[in-house]
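Below you will find one chain, with nothing else, as structure tokens; this is the form predicted on its own, and questions on how it binds or moves follow later.
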Amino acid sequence: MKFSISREKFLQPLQLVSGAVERRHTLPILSNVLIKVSEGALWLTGTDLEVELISSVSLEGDYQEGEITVPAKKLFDIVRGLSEQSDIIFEVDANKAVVRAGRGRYTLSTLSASDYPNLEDWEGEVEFELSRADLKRLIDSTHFSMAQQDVRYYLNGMSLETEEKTVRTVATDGHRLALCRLHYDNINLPARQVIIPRKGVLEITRLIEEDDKLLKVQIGSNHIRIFSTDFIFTSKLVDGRFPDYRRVLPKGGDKEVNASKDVLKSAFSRAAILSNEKFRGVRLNLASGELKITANNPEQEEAEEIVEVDYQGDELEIGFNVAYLIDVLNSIHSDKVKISLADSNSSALIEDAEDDSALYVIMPMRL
């Protein structure tokens, strides 16, 4: 096996697949990247048995077909460290991989490609296309609400749903919930709900740019696969049932607050400085035309912010985790935010005042 390639053409797919490689794994071969030369193209694959990433690039010089695995991080660091205009010659000699560039020569250990695990073949049951910008929006609007290491393992991921002309993402950690839905007139999808694991979700956000290039999404019984022009991403799905989030969406919130997103975010960020570092609670006092935000901590320090808002209703006092509020405001695009409340014991419903494609629910805190 042998091929020659420029540093730039090699670095991009190598960097792309390295995200799926597990550096601390009991199986040594999972620290490796699979390199395959076939039919004039170089194919690179990285996996941790949960997520698999494949990227390819065409070869222009002479090559010899074959496949091998080499340590992913070492190869990436070598290629990244070369000067920008370098040309690389990669060949396998006596079970060692040799990388040559200029007057440099690097010899790497190898493991057989036949031992490299790949996610089994499977049939796509649901298939649709959407732009990279749309998929990024669906994920960015919700992924921050995923649980991190919850014993309810089905919360450590993001629900992806298809239903007729709608694609929907939902994430919740039990204290907050984020939902985003996009409508398409030109599709008609079966009703399906799957849970993408946390690592898979974060990997997708790393991979995709916010542009109009189309992606193809395939959903199988145990996997999801995304085809792009420069990669094929596959992830196992979480085997579990996502909670019925429709039951927790607040209804009957008769107190509506409209405010500037940036003004609120700045006030919450300043108040958060003096909130309890463990519980992050802030108290909101609503009165006609204004919102008072207070925070304090065990050192007897206190922050108070008064913000002008559009609110005409009864006075209300309610507590929230300020970090959750800031996360929601960071994901809203327009400058106006709408908050619907019922009473001091009910969850808040937060929406972009100019776009109803996403909504957010935050449970109150006792302070």
Partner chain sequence: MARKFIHIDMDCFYAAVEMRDNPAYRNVPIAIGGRSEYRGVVSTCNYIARKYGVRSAMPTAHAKRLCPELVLVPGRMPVYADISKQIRGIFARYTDKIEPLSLDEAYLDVSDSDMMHGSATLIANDIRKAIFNETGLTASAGVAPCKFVAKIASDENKPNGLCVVSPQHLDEFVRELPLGKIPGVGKVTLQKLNHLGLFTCDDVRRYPFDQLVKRFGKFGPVIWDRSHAIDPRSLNLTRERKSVGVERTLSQDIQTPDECLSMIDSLFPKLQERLRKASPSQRIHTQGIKLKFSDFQLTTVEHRFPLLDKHYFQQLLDEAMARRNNRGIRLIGLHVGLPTQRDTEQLSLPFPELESSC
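In this text the structure is predicted, and so the values were computed from the model without any measurement. Positions refer to the first chain, counted from 1.
From this point on, the text means the form predicted in complex with the partner chain, which you will not see here.
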{"query": "Non-hydrogen atom contact Y311 with the partner chain in the model of the complex at 4.5 angstroms", "finding": "no"}
{"query": "Partner proximity in the model of the complex: T234 to the partner chain, non-hydrogen atom cutoff 4.5 Å", "finding": "no"}
{"query": "V248: touches the partner chain in the model of the complex, heavy atom cutoff 4.5 angstroms", "finding": "yes"}
{"query": "4.5 Å heavy atom contact, N156 to the partner chain in the model of the complex", "finding": "no"}
{"query": "Contact stretch among 195-203, 144-152, 115-123, 259-267 - heavy atom within 4.5 Å of the partner chain in the model of the complex", "finding": "144-152"}
{"query": "Contact test, all of F128, T162 and K216, partner the partner chain in the model of the complex, heavy atom 4.5 Å", "finding": "no"}
{"query": "Position in contact with the partner chain when the complex is considered in the model of the complex, options K292, R181, K96, H175, heavy atoms within 4.5 Å", "finding": "H175"}
{"query": "Heavy atom within 4.5 Å of the partner chain in the model of the complex - residue from S340, S55, N321, T47", "finding": "N321"}
{"query": "Residues of 326-364 having any heavy atom within 4.5 Å of the partner chain in the model of the complex, listed in sequence order", "finding": "N345, V361, M363, P364"}
